[in-house]
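Okay, so here's just one chain, in structure tokens, the form predicted on its own.
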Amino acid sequence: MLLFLLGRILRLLTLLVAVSVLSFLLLELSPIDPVRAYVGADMLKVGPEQWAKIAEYWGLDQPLPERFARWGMAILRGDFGVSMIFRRPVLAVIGERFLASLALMLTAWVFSGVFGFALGVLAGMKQGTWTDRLIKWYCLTLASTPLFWLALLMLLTFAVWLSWFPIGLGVPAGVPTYEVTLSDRLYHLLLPALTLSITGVAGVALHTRQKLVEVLQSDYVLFARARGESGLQVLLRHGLRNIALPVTTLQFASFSELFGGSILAEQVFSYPGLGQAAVQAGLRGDVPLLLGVVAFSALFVFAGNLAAELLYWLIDPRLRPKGDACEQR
């Protein structure tokens, strides 16, 4: 276990360095001028001297290698810099926005996992029937539907026409923070989370169905049926155990897709999460905030994959080290 964790930590450090270098290069090649984006509408009022002072203040007048070295040394000290947009420390902005995004992503992740798994099991058990065809049609339609278009459709239908949900935002507009209740936050969270989970259901359901069909067509299931086991007994004794591992892999590997989808959902619903902050940082050239969000998102996705690997040992004893297996025996 110690060697396993050390290897994953080394891989994480390598990933963060690679992501940071690539992000710095992409920002350097970007046509967006951070100083111009920072000045904004007051660009005509800013003279050359002020322009140079702004670039010097944010360290944008230095060569790329020197800027990257200074940023890397600051990261080692735990200093991610100050956001050019929010005028606050990057870690404070990420911490505040990530809590909102985490609630959105976790809700959508649970919904997509539960409903996707249930639909996949139902389609696999009813293979070839109208139920199976209906579920496959539903999943294939959702898999080919752009998330931003689906989010606009959900917003137009349930928020504008039916008025069941608010138009957007994470809390009611004009209400002080200390007066916002948990029910208000859940009310604003539900529609974006449902929209984000709908597209995630398709992949989980189709993958679960395919794995269950393979299990049900195996020789040991044929032998179990010959012994008189019913369909429900076969599912509980053989099906769920064999499809648990690949479904767990897919569910935790979907963290990257979930994070990318949350950016689109947050933009459509004006939800104040980390994805919306990343879009603002990219459009306005906020280099410290954008680099912090990129590094944090890479850490978030890596944590999801690591959690999946650790769960493998709990689900499948064959993947555990030999010493653990001997102790269990």
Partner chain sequence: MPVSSAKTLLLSCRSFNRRQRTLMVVALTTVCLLALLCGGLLLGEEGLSTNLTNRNMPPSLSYPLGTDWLGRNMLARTVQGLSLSFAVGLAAASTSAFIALVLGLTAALGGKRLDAAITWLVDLFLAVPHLVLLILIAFIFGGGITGVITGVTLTHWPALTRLLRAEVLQLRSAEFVLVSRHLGRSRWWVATRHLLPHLKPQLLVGLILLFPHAILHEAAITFLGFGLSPHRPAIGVILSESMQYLSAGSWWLAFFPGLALLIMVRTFDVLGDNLRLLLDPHSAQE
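In this text, rigid core is short for the largest set of C-alphas that superpose within 1.5 Å between two forms. Residue numbers count along the first chain shown, from 1. These figures come from a predicted structure and were not determined experimentally.
Keep in mind that the form predicted together with its partner chain is not shown, yet the notes after this line are about it.
Here the chain stands by itself, but in the model of the complex one stretch of 157-165, 89-97, 112-120, 69-77, 157-165, has heavy atoms within 4.5 Å of its partner chain. With a 4.5 Å cutoff on heavy atoms, Phe259 counts as touching its partner chain in the model of the complex. Residue contact with its partner chain in the model of the complex: Leu102 places no heavy atom within 4.5 Å of it. For Val279, a non-hydrogen atom is located within 4.5 Å of its partner chain in the model of the complex, even though that partner is not displayed. Contact between Ala52 and its partner chain in the model of the complex is not found at the 4.5 Å heavy atom cutoff.
Using a 4.5 Å cut-off to its partner chain in the model of the complex, each of Leu27, Leu140 and Val294 places a heavy atom inside that distance.
Contacts of stretch 287-303 with its partner chain in the model of the complex, defined by any heavy atom lying within 4.5 Å, are made by Val287, Leu290, Val294, Ser297, Ala298, Val301, listed in sequence order. Once both forms are overlaid on the rigid core, the distance between the two CA positions of Thr129 between this form and the one not shown is 2 angstroms or more. Put the two forms on the same core and the Cα of Gln217 is off by 2 Å or more between this form and the one not shown.
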